[in-house]
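Next up: the same protein chain in two forms, each one alone, written as structure tokens (structure 1, then structure 2).
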Structure 1
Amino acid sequence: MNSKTPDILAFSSENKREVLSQTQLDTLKDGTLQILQEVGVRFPSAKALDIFADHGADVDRNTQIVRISADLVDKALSTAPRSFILGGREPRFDLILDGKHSYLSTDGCGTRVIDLETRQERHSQKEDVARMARISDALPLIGFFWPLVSAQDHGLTAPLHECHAGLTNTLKHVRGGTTVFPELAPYLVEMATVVAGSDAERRKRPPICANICTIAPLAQDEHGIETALVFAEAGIPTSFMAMPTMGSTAPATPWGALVSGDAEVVSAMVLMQLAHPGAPVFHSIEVSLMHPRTGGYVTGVDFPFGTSTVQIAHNWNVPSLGGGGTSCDAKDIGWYSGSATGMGAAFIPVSGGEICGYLGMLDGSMLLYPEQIILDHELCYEVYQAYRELKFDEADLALDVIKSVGPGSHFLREKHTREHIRDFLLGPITEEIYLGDERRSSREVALEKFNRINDTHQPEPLPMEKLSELDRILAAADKEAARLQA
């Protein structure tokens, strides 16, 4: 028996708080343009260098560094769409990236899982991705499924198998393209076409999108950037994510890290627009700190990066990936994870990023505890409720009931009470903690809820013929990967 996938709940971006003034944004933009024009960005791809050269950029073939004038940046980015759709299996799961909504995503690409049965840590596999897609399908605040962990049982084609596990286990939009081999990218496009139904529909409502990281400092990945070109041609949206780490791959200050990350992202977006004007791209900078003693990757930095990066993206007039999230460095569930994820969730509505949240992982996006996604979802739900638009009129004041009960007495026998006592939306976890016979830990209740969804939620499957088409594409991709490896 198939289950119904609930409608997606999106945060409204009405409550946005701007941390950067327009003058500060202009200073940052100016810095980015200076970097692009004077220092340049390395593109180790003949294809990319040719495109830049054809459009008049200053290309040094020896160093593979491209310097881009401010005019060329402006001209190229003028074709980047401010708004586009990330398609779901049905239109009711479409995400409209227009600056008015913030949709929550799951976290992505971790490598370790706490096994549901043994509770021991192990390597992630495709079945974990599939399970998490089903769980995400049942959680209304999750709008965007990013495979939380890697399908490490599939080697080179892992990203394609992650995409497959997503497309076949949720009706929501799937982040499907972290492939690092351009030769494998066409298979993802084919998969997207099968799910969308046609070439035209894939362009209108692409069921998958991709994330390509830029290489801090000031470089691109040959495979990544050529993969992005394949997606851009096919109308599959790509977010370019800079991951500057303060102290190692970026200056040790927030502004230095932001401006160098921005230059990387902008250079990639410019290339896409020069090659395929109008290609849907979005902007992302994830700043971290190098732990000064261990060198470790620290994401919990006390600085409003989420809000700043959204403003920077919107200042370039493109949608943003980022703007608050529940992802944190804690290694296990406890006070630290609770406070870090709670604070992260609280920033989501005020940041106003189009895709944000990153639910479900700990240990710097590396470790999946099954129950974490339920806890994160709960926190986000509370934030969602806090920012919901409140609507009422005089009838809602219950004046007639108040008048009828009068001073003293009580409301226990009132029909109005029976009608409304269930209205008050307690979050599912708090509800069970307080209403149960005995107080239980939120972790235990979350795990129970996870298991319940896992046992019962079965989203509408794709039609048989589409499933077998996807299998055929995967088999062909696996074959191509074997060839590439040889």
Structure 2
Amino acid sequence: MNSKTPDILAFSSENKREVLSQTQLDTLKDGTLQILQEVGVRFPSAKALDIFADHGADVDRNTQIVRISADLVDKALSTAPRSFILGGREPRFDLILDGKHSYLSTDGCGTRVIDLETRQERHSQKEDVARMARISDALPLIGFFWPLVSAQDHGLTAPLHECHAGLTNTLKHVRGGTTVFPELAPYLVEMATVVAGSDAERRKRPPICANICTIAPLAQDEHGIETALVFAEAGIPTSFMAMPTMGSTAPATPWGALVSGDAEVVSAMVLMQLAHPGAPVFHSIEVSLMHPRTGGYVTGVDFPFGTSTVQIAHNWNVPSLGGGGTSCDAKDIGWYSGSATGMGAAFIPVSGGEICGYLGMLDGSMLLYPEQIILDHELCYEVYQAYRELKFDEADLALDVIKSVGPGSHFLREKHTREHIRDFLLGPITEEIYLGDERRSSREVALEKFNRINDTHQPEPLPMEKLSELDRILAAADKEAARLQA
């Protein structure tokens, strides 16, 4: 039996806090423009080099380095839309990226899972993606489904199978595109068209978007950038994500990392606008740190990167992927994961990123504990409640009840108490922890809730004819992948 997918709860951006002044933003933008014009970015793609050359950029075909003037950057980005829609299966699940709301996303692209039955760690599979899509469909704060783990049982076409698992297991928007061989990208576009119903509807309310990572420092991936061009032509929104690591692939200062990452992202957005003016793009920088003693990868850096990167994106007049988020480096559920999740959740309403949150993963976004997404959602819900709009009138003061009870008594027998004691909204985990005489651990309650959703929630399926079409597309893509590997 199918279950009703709850409406999405979005954070209002009215509490957004700016940590960078306009002067600082202008300084960062000037630095980015200087890097693009004087240093350049490597584009290992003949197609990309041709597009840049045709539009007057300085292209060195031997080194594959493109230098872009400030005027060309401004001209290109003037066509990038500030606002666009990420479509859901139904319009009530549409996400409007206009800076007024922050929609929470699951985290993405992990490789390992704590198995739900054996509780042993294993490699992730497509069934894990499908399960997490159903869980996310039932959680109202999650508006954007990014496959938390990869479909490693499907080889070269894993991203297509991840997209399929998302589209068939949630009514919400799906991050369905990422770097693939450019020959496989049209199959993702075709899948999106089938779900949307037509080419025109896909462009108006695209049911999937894509994420393409740059390569620090100052380079693009050949397959990634050519895949992005396919998506741009089809009107599939694409975020470009720079992931500079301070000390190794970026300067060992926050500002150096931000400006180098910004140059990577902006160069890719410029290419999309030159090739397909008006293509929907959004901006993302995720800064990490090389551990100064071990060389390890550290994402939990004590610096307001999330809020800063949102401001940088908006200073280019495009939406942002980033801001507050619950993802952390903890390898297990405990004090560190709870602390990092709580702090990250608290930054969601003040950062104001259009897509943010990154719920559900540990160990630098590599490891999925099933119950973690429930714990993350609970903490985000508490923050959501703390920032909700408060309204009351004189009746809410209950002055007549207070007068009736008077000093030194209690309110247990009052009708007013019976009518209103359940008005206060407890989070699902908090509520269940307090049931009975014995206190249960939050982790136990979260896993119980995960299993309950897993056993009972089944969102409305796609029509059979669309499911059949998606199966046909996947079969054709698998056949093309085998040809590419031959």
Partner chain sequence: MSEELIGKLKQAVIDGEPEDAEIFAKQALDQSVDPLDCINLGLTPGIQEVGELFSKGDYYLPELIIGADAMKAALDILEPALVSGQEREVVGRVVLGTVAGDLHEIGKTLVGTMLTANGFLVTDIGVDQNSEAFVAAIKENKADIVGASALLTTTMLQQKKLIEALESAGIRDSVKVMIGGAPVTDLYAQEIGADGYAEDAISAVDIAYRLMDAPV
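Throughout, rigid core stands for the largest set of C-alpha atoms superposing within 1.5 Å between the two forms. Structure 1 provides the reference sequence; residues are numbered from 1 along it. What you are looking at is a predicted structure, and each value in this text was computed from that prediction instead of being measured.
Between the two isolated copies of the chain, the second is the form predicted on its own.
Relative to the superposed core, Arg122 undergoes a Cα shift smaller than 2 Å between structure 1 and structure 2. When the rigid core is held fixed, the Cα atom of Thr417 travels 2 angstroms or more between structure 1 and structure 2. Shown in the overlay between structure 1 and structure 2, fitted on the rigid core, is a CA shift at Pro91 smaller than 2 Å. Look at Gly408: with the core superposed, its C-alpha moves 5.9 Å between structure 1 and structure 2.
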